[in-house]
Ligand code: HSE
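Just the one chain here, laid out as structure tokens, in the form predicted on its own.
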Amino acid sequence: MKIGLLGHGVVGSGVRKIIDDQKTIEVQELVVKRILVKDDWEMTDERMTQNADDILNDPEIDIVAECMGGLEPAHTFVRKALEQGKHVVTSNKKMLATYCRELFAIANEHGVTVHYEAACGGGIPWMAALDRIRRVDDIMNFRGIFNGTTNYILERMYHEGKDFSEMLGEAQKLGYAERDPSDDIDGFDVKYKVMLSAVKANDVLLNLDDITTFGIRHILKKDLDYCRDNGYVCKLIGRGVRQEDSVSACVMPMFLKLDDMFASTPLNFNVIECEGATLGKAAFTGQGAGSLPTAHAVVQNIIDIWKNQDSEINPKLPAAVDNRDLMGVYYIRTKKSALFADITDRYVGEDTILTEKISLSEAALRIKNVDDPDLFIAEVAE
């Protein structure tokens, strides 16, 4: 089984290393034939090329592993690979979540598949677990700490009383956060993963823009002081709940009780949980990123294709996002708290309220109409 590798960065180099090391019987059947790199200085191996067509037009290459990141040219290359009748494995959650309707349709037309274990959960076998569970069970809901960067920041702020900006800077120095951390701290990274989890768990295609998303960019030390004083821990949670004809889906900070399993998830770890009608709850935890853990997931998908163990057998149908049934109490800090007077249960600070129990749809709509760029919202566990 010959592989074309698009990208030789953090993940791509890990894929190349695992396959080149040939440590298991399964991996020994795989060969990386060509590797796409961007710059001249990366041309350190005879298999490397700066021309994607050397991979996309090669009839001997059966599988293209896309590990480039970003929207373009990754999207164009993946589309061309599928049109050439090649299977695709990708670690690129942003690209796949943005273009999955188009790419799944092209794959179906050409009799190939798109695999994306590494796009959600890094080295955690989350997608594989959903595949197995849904063969027997309806998956009713899932929730998770999908982003190690924000978990690291929140954990350090909570335990050390540090400010957000300081902890973000440390995360960037350690390589946990990008130079532009927007996707992480604004919740977009988790939004992509919630969408892909819903695809796998429920065979639905959601509109990314309809997934209610709040991040941690505006969290302050005093918000975590409130958590500590009242027996909570703050985590950024992605969630999906299957309804009869729709899906509830959101990303937002949550103040969790100390006995919640997620409350003790340390530093840059991920933990994700799903619930089935017969299985009950099952949780998966581990490193959510990193070269070799993520590359491990890419190679697992390659082996799945080689062994014809693809479980992408059900059609993926568009579904609406409807958050009217997600009810909760919300912690809202804003200089315009008076605008929330009719849904305020009580003040817990000069500019901070706890709401009555309301739907997430209502909370999101109210916040959308408030002109306060520093507003912070979190759901408070009951």
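Fair warning: this is a prediction, and the values are worked out from it, not measured in the lab. For every residue, the number given is its place in the sequence shown, counted from 1. We call the rigid core whatever largest set of C-alpha positions still superposes within 1.5 Å between the two forms.
Keep in mind that the form predicted in complex with this ligand is not shown, yet the notes after this line are about it.
Proximity to this ligand in the predicted bound form, taken as a non-hydrogen atom within 4.5 angstroms, holds for one residue of 167, 227, 196, 177, which is 177. For the options 271, 133, 289, 100, the residue carrying a heavy atom within 4.5 angstroms of this ligand in the predicted bound form is 289.
Stretch-level contact analysis of 185 to 193, 244 to 252, 76 to 84, 199 to 207 against this ligand in the predicted bound form, using heavy atoms and a 4.5 Å limit, identifies 185 to 193. Mapping the unseen interface onto this chain, residue 146 counts among the residues with a heavy atom inside 4.5 Å of this ligand in the predicted bound form. Although the partner is absent from this view, residue 115 stays clear of this ligand in the predicted bound form, with no non-hydrogen atom inside 4.5 angstroms. The shortest heavy atom separation between residue 93 and this ligand in the predicted bound form is within 4.5 Å. Taking 2 Å as the criterion, residue 241 does not count as shifted between this form and the one not shown: its C-alpha moves by less than this amount when the rigid core is aligned. Core-aligned CA deviation for residue 97 between this form and the one not shown: less than 2 Å. Superposition on the rigid core between this form and the one not shown places the CA atom of residue 168 2 Å or more away from its counterpart.
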